[in-house]
Every structure is written in C-alpha cells, then in structure tokens.
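Next up: just one chain, as structure tokens, the form predicted on its own.
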Amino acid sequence: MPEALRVALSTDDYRWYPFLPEALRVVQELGLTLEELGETPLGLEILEAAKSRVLTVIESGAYPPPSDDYRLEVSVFTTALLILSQVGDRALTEKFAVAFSKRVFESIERDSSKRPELLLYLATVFGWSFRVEGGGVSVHFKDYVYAQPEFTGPWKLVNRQVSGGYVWVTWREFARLLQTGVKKHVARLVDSAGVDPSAVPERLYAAVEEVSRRWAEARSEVLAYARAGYRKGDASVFPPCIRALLEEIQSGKNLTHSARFALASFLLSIGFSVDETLEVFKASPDYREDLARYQVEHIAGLRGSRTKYTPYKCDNMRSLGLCRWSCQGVKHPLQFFYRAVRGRPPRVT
C-alpha cells in the first residue's frame, strides 16, 4: 500500500468492515472448517447467526448492527455469504448486498471526517483508481460510472467536473460511491464463495433450505400480487414505460428515486390504494415499510401539503431515462392508460 494510504485497522474496523482482506484472515486464524459449521458449539452459533442475518434481510430489508465480538461478526458474515452462494438467487444476493451496504454506510459516513484515509483504503480494496485533490477526491471515470448511485441530476457524468479522465467528487459523494462499491463487492464475494454442493454439511444444507423456502414465500407473495395487478387492469393497458418499471422491481432491481416516484404516482393515479402500491414496492431490495409508506402517502396527498402528485409527462420520463418508446399521440402515461382502457391502445414504436 502506498505510504499516503497507510491506515491502522482495529478489531472494531473488522466488525464494521468484515469484507476487508485483513478481517477475512480472522476466519482463517480460527481454523474452523466447513464440516464444523453446525457440528461444534461455536460452529452452530455462527451458522444460526448467519441464517438469522439473511432471514432478517428477507423480512425487513435491513442488516442488523454488528455484534461486539469481531471474530464472531466476521465469521457470521462469511457464513452468510456461503449460504447465499448455495441458495444461488441473484435477487436475494442483491437484496442482501443492498441492506449490508446501507449498514456499512453508517460507518463510512462517520469515518469520512475522522479517518478519510480509511475511505481511500476501501477504494483500493475495490480496485479503484483515484487521487486526492481540491479538497475532495478525483475518481477515474470508469470507477465513477461503475459506482454512481444515480444516472440523472447532479450524478450525471455531463454535470460533473472531469479532468484527464478523473471525476472530482466531494468527500461525502465519495462515501456514497463507496456504498455502491460495498454492495457490488459483497455480490462478488458471494459469487466466489461457492463450494461443491456434495460437500455441504447436513446442518448447513438445512439452513440453506430454510432460507430458500422463506425467500420463495416472500417472492411468491409479491409476484402473485403483481400478476393479479396486471390481470386486474389488463397488462396491455399499462404504458410500456410503467410495465418496464414493474418488471424491473419484480426482478429484484433497485429503482432510482425518480423511477419510484413515476411508478408510485402512476399506480395511485389509476386507483391503487397506498397498501396495494406498497405491496408492489416490497420486491425492492432496499424496501423499508416505514420509509416507503411515508413516501407513498406523501405522493398520494395524505401528508405534507396534501397535494396528490401525478406521474411525469412523457417528455420528463424520457429526460430522466425512464422511457425509450414512442407512443403515438400520447404525451402522458395516464393518457395511454385511459385510451387503452377504452379499447384504443396507442401504437408503440
């Protein structure tokens, strides 16, 4: 590591950043084998805690705070990755990675002012190219695009200060990029955590089965509702932009804020209740009931200024990157819907 990036890591850092190479070596030092997971008191404690972490993410969308025992925390984290690898569902991995990265972001934000060198070290772990300058950090544009949380507004590359292939960001923005970096790094770790299924011990296999069953139940409820929603309104009466957003959220993708507003305001405008709209958003990897309800109720005009918001116009949808179609004679998604309901769906190209 270059002298400028030298950072002293503590065991407390291992609790918050269990994906660091130094933290992962803790598991190796414990000498716990795959066969001992669930077969020894320590292995059983680790396995149950790891299963609980994944189930908590499935049920609440939140990753629990780290335990006080850094060895246990790192071991639980790596075992959770192993369980996810065996389940082999990309949407579940995405949901777990999003929840974990949000938990880690708490520490990243805290360290951004006290230990900026730690943030730089995280970037080296992710393999990013960067340089510290101008009171912030310049990140190579490839790494910036890889980690940018939004593709519109201030995060859009054309709106950034770019010099010599590097994008300048503030320290706070750098922390936000790192949150995305954590999410993608965890997904890669899950991909690399695979083991031969025939070598999986019985108790670990039972944990994988339970997680798979609970995840399937959660997904089937959401997908069943989404399908019912399509049948209720007839899929052909939804404009292609809204159908695309529904398909993305059902596949476990994390929608941007503007996409969520577009989808929620559309569903509410055609008669979905707040609870019905929330059911659709439960498929989102970072879903939180309290925040989602607050936002949907605000869009529905039940909070704040009591103004019920309507969906973006087609021009706005295109400028936000949410529409790539041309619907003949239509300037608003609701216009498409009402025409289709009357049996005159617009021609789409």
Partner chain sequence: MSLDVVKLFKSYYARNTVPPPSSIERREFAFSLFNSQGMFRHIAFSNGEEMNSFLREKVPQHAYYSTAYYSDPAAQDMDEKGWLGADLVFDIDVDHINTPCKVLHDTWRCRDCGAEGWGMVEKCPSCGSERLDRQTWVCDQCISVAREEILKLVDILEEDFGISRDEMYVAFSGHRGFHLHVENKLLAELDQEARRELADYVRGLGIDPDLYIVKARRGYVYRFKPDDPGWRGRIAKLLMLREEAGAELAREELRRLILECVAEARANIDEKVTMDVKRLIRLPGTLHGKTGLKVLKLTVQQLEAMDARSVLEKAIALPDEPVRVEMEKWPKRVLTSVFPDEADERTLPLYLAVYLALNGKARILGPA
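Fair warning: this is a prediction, and the values are worked out from it, not measured in the lab. Definition used throughout: the rigid core is the maximal C-alpha set that superposes within 1.5 Å between two forms. Positions refer to the first chain, counted from 1.
One more form of this protein exists, namely the form predicted together with the partner chain; it is left out here, but the text below deals with it.
- The partner chain is not shown here, but in the predicted bound form it comes within 4.5 Å of a heavy atom of Q148.
- Not displayed here, the partner chain is approached by G164 to within 4.5 Å at the level of heavy atoms in the predicted bound form.
- Interface membership of P154, defined by any non-hydrogen atom within 4.5 Å of the partner chain in the predicted bound form, is confirmed.
- With a 4.5 Å cutoff on heavy atoms, R6 does not count as touching the partner chain in the predicted bound form; it lies far away.
- Stretch 140 to 148 is the contacting one of 140 to 148, 274 to 282, 116 to 124, 84 to 92, since its residues have non-hydrogen atoms within 4.5 Å of the partner chain in the predicted bound form.
- Contact annotation: of the candidates R103, R214, R71, R160, the single residue with a non-hydrogen atom within 4.5 angstroms of the partner chain in the predicted bound form is R160.
- Remark: with the core as the superposition reference, the CA shift of T11 between the shown form and the other one stays below 2 Å.
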